[in-house]
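Next up is one chain by itself, shown in structure tokens, the form predicted on its own.
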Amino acid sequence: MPTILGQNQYGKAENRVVKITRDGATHHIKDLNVSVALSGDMDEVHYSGSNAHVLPTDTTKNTVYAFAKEYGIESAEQFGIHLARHFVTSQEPIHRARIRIEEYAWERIETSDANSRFIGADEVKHSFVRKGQETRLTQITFDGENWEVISGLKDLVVMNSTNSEFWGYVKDKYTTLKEAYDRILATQVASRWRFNWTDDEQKMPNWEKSYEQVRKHMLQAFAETYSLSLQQTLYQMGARIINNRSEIDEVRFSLPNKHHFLVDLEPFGLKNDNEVYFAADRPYGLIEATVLRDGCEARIPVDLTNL
């Protein structure tokens, strides 16, 4: 045979599941987009078309919804762990499961006292507005023995309107950019972090608390760093997370520099004292790097596009 089968996987992608937990009049929402990918002893289905080892992708979809009821959704990570363990341990041909989850956050709508009284309730506890700040992410991989949990976020847009400079850079005949000693620094954060929890003998992290704390340290580092470059800010964000969260060994960032250029108002007889900017969406500088705990190896893929 002149060809052989290489890496392969299959599953049901983007299963949208919304779980409502009813605690009396107070409701809680978990809104997930779950993708399942399974691999293992799947040579024959590719060579001959035999489905003897194939768990239908429709079954994986049904499992996602059934598990939302059976186990609930404590966190995206915990839900992914339940699914990965099930697929690997219940199906002999399946040797590895990868679960990718996006989580969309909701928050309660604050209502006026008048409206609350009108409907006969002290407080409305079942109405929400979708948060638009970022999307939470996690990827769970299990091979029957070892776990890998990589969580993160995307589309978190942040800005410092001052305390940022950019000067002293290399200049050649193509350089037109002027040095800046007071500029806007803005980016749209995409980040992933890898947990050092890898087997069931270890104490499992508190996934919800960990996410909240990582996000907090990330934002605080962005706000509190007097930045001479976006690279410097990136490193401070990663270092703050590693230094404060013992459950995390590696953080990777992809930070597009959302450029803001001062508008030339002199033709109109006006002075622009760092007040009016043009926000350019492209082209943009793209700053990417990994920050590691000393002694650890990098395992998060360099390209975050499909992670």
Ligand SMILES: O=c1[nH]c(=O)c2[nH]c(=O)[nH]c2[nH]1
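Throughout, we count residues from 1 along the sequence that is shown. Note that the structure is a prediction, hence the values are computed from the model and not measured.
Here the subject shifts to the form predicted in complex with this ligand, a form of this protein not shown in this document.
Open site. This ligand, superposed from its pose in the model of the complex, has no atom within 2.4 Å of any backbone or C-beta atom of the chain shown. Taking Gln133, Thr89, Gln231, Thr162 one by one, only a single residue has any non-hydrogen atom within 4.5 Å of this ligand in the model of the complex, and it is Gln231. Interface residue among Tyr235, Trp197, Phe166, Tyr104 relative to this ligand in the model of the complex, by the heavy atom within 4.5 Å criterion: Phe166. In the model of the complex, no residue of the candidate spot (Asn15, Val64 and Arg85) has a heavy atom lying within 4.5 Å of this ligand. In the model of the complex, no heavy atom of Val157 sits within 4.5 Å of this ligand.
Residue contact check for Leu177: one or more of its heavy atoms lie within 4.5 Å of this ligand in the model of the complex. When this ligand is considered in the model of the complex, Arg192 lies well away from it, no heavy atom lying within 4.5 Å. Taking the partner from elsewhere, Arg100 is found to have every heavy atom lying beyond 4.5 Å of this ligand in the model of the complex. Partner contacts here mean any heavy atom within 4.5 Å of this ligand in the model of the complex, and among 90 to 98, 223 to 231, 209 to 217, 148 to 156 they occur only in 223 to 231. Taking this ligand as positioned in the model of the complex, the only residue of 277 to 303 that brings a heavy atom within 4.5 Å of it is Ile287.
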